[in-house]
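Here you get one chain, nothing else, as structure tokens; it is the form predicted on its own.
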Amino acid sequence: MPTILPLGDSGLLVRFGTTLTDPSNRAATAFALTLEREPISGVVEVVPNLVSVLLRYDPLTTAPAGIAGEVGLRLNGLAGEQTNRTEWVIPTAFDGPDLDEVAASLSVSPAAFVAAHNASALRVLATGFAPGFVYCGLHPDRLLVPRRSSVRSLVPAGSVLFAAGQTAIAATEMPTGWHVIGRTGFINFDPVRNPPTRLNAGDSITFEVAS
């Protein structure tokens, strides 16, 4: 059962796990989608994360006990699978500075690694951390590698990153401890758009080698 935790004086955190697993992420994503379809009065923001969903409410007009009650009702009717999500194909140049090192750590050639990486569609696990940053997963255990031992001070927007069973896309320039395996022209953040991001948790992403 998920845990409902108070977070400050205007937030509740609904947590579906303490570590990232496919079931806990799917549950968090499905719950956020349920709140999108059946909003709770007084809740002013819903923020899904990898294994939890933050509900921010107006404490001047809404009591946390009432929010928790409505959360419980929606959890009881939580659907196991999502619908109405989008399938994306992301052309990617797999020429990142860490590609060879990642492939070598898995005892495969860079080409074999890219083929394995692109073999199956990934699910958008969450967006956030930085504007438009996309977490995708989960890769099978045979593709697990840890993060880098050192942080790169800056990678450009569009960098395709890899670590800990996930692939990520940086939408802004940023430092990172993930391995940089490629780059794409798909940027999931445009501050003049409304909404400024295009991907949603639960969307499907297939990476393909850019021609």
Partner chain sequence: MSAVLSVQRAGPLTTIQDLGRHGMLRSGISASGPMDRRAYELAGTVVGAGLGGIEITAAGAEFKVTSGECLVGFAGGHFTVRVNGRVADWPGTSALEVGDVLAITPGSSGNYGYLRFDADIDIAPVLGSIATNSRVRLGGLDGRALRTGDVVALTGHGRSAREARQPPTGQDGPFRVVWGLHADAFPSAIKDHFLRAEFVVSTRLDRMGVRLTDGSGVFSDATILSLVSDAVTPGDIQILGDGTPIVLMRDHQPTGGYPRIATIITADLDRFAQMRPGSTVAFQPVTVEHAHHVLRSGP
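This structure is a prediction, so every number in the text was calculated from the model and none was measured. Positions refer to the first chain, counted from 1.
The discussion below concerns the form predicted in complex with its partner chain, not included here.
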Task: Partner-facing stretch of 87 to 95, 70 to 78, 131 to 139, 117 to 125, counted where any non-hydrogen atom is within 4.5 angstroms of its partner chain in the model of the complex - done: 131 to 139
Open item on the list: On the criterion of a non-hydrogen atom at 4.5 angstroms or closer, are 5, 18 and 51 all touching its partner chain in the model of the complex?
Closed with: yes
Open item on the list: Whether residue 191 contacts its partner chain in the model of the complex should be assessed with a 4.5 Å heavy atom distance threshold; does it?
Closed with: yes
Open item on the list: I'd like to check something about residue 38: if you look in the model of the complex, is any of its heavy atoms closer than or equal to 4.5 Å to a heavy atom of its partner chain?
Closed with: no
Open item on the list: My question is simply whether residue 13 lines the interface with its partner chain in the model of the complex - judged by any non-hydrogen atom within 4.5 Å.
Closed with: yes
- [ ] Verify the contact flag for residue 153: yes if a non-hydrogen atom of it lies within 4.5 Å of a non-hydrogen atom of its partner chain in the model of the complex, no if not.
- [x] no
Open item on the list: Heavy atom within 4.5 Å of its partner chain in the model of the complex: which residues of 153 to 173 meet that condition, in order?
Closed with: 173
